[in-house]
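This document starts with one chain, in the form predicted on its own, laid out as structure tokens.
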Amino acid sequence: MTPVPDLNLTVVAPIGFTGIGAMVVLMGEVFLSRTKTFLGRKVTEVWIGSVLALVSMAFLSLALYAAWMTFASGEAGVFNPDHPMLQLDSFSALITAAIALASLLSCALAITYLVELRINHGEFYALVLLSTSGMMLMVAAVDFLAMFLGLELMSIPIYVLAGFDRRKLRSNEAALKYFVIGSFASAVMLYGMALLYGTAGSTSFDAVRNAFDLANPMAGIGLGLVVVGLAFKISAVPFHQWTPDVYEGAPSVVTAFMSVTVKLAAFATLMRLIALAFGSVPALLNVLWLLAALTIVVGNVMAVIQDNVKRLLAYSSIAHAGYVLIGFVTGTIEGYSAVIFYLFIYLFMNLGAFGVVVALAQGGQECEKIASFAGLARRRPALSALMTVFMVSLAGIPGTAGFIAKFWIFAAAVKSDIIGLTILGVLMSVVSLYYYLRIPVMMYMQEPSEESESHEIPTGEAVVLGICVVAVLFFGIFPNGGLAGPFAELQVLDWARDSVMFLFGT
């Protein structure tokens, strides 16, 4: 009789909560759509969408809590000790918590937005939850099979979300482009995994690390193909071509969701691979150096000539991916810690910037052209002020969290004697001032091109934007906590350092 494996369900608790939440949302929409009244109140599509959003946020909150408790405990657990494929430890738990938080905020942003664009369908939240569970699986993986399963579970729902506004041609085009290019990237990565399996005779990260020999062509090609596959996901140049078109064509709330969560998952997976599978391979660091330099230059230069806010933010995200790669090039604990801190801050900066774009959507139309921001400060002063803060932080101006994030990345690079790449990053940061500050100039110093009605910011969007702007300002002054009470516990730098030290076993 085959013995029953001793499974540790705590490891898959965050994934389980999001997966179960997706099923509850799908079934809930079916039952609610058949109900005429609830507690004496008429059931409408808007009401159903709000309920499903709250249900999704509840399950994401449970996933966030489960991940955070694992991180706080400092313990690591393997789902199946006999066949270790998933491990929830300090590193994966912290990233899982950040992904759950980003997804939760994205669901809150979507409540009113989906109604405004008349695409208020419950499956939106189910797709978000399924994609989030894939990201969590990908981050917790210690085996290439589990990693690839997480990658596909993350990607396929996002392909659908990119084309969620089915009435618009550009949304369908974005979905098709992302699907074709994403499928190609997945195939490339899978072939790389197959070569590594041929080298090690196993798909386990530990086995690949023990058998990896760069002198073996099969191992070198396999490593290269896996890196290329992840480079597509993080939008590193020259694998970035899909990003501007998909960001522009997808609904803004989908762009907000994917711009932060996919990067979190992909960068965390790359770091986990370096720590557990490939070790310190000098050739890999050289490749990452080249990717970082190209990504920083192309992202910033191309952003200068954009006249669409979403395309501008797309090239901005490419440039920020380049800054993050600088931390990888260092190959040090300080550099990797700076990467985790940067990703955490980027979550609030970018989600906040896209949140403003989401809040400006009215009557089925989105506010995407930079010219549309002319004179916005007169009509929507609160949104203008928020957008200014996010743009200033993305530019890395002192007093904001964006400055602190870039400072730690550059400081780690200088300490590792990576001077040339650091100088390039600083110079390109100066270039970025032009296109980031261009939007505040339009809002405050230009006459409005057309008159439009002023609207109140919906509750969900107001809460998300409030959380993002407070985080950007607070961590710009106290990056590691510093006030009395609960604020003193927000020691993000220490969290990042502890998680990285655990990952690398130091």
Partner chain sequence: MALDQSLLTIITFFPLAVALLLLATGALSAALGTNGLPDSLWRAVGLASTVLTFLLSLQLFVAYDPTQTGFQFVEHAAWMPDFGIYYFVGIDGISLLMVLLTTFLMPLVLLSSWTEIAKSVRAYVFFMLFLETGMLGTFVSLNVFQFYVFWEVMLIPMYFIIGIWGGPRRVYAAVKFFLFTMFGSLLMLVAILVVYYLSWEQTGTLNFDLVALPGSDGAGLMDAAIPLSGQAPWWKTQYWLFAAFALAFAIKIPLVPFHTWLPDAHVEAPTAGSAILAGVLLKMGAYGFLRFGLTLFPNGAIEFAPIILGLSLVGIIYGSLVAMVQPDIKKLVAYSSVAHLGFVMLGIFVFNVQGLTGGVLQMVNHGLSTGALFLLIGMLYERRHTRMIADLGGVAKPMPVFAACFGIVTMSSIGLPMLNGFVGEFLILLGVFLAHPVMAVLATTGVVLSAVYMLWMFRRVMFGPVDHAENQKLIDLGLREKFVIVAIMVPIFWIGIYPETFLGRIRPSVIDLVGHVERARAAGEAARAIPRLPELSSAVATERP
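Because the structure is a prediction, the values reported are computed rather than measured. Numbering follows the first chain given and starts at 1.
The same protein also has a form predicted in complex with the partner chain, omitted here; what follows describes it.
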| item | value |
| --- | --- |
| 4.5 Å heavy atom contact, Gly198 to the partner chain in the predicted bound form | no |
| Trp68 within 4.5 Å of the partner chain in the predicted bound form, heavy atoms | no |
| 4.5 Å heavy atom contact, Asp213 to the partner chain in the predicted bound form | no |
| Contact flag, Phe407 vs the partner chain in the predicted bound form, heavy atom cut 4.5 Å | yes |
| Contact residue in the predicted bound form, chosen from Thr388, Thr203, Ser186, Ser372 - any heavy atom within 4.5 Å of the partner chain | Thr388 |
| Sole residue of Asn480, Thr459, Ser33, Ser61 within 4.5 Å of the partner chain in the predicted bound form, by heavy atom | Asn480 |
| Site test, Val78, Gly122 and Glu152 vs the partner chain in the predicted bound form, non-hydrogen atom cutoff 4.5 Å | no |
| Segment that reaches the partner chain in the predicted bound form - one of 429 to 437, 187 to 195, 215 to 223, 109 to 117, heavy atoms within 4.5 Å | 429 to 437 |
| Contacts with the partner chain in the predicted bound form, stretch 367 to 397 (heavy atom within 4.5 Å) | Thr388, Val392, Ile397 |
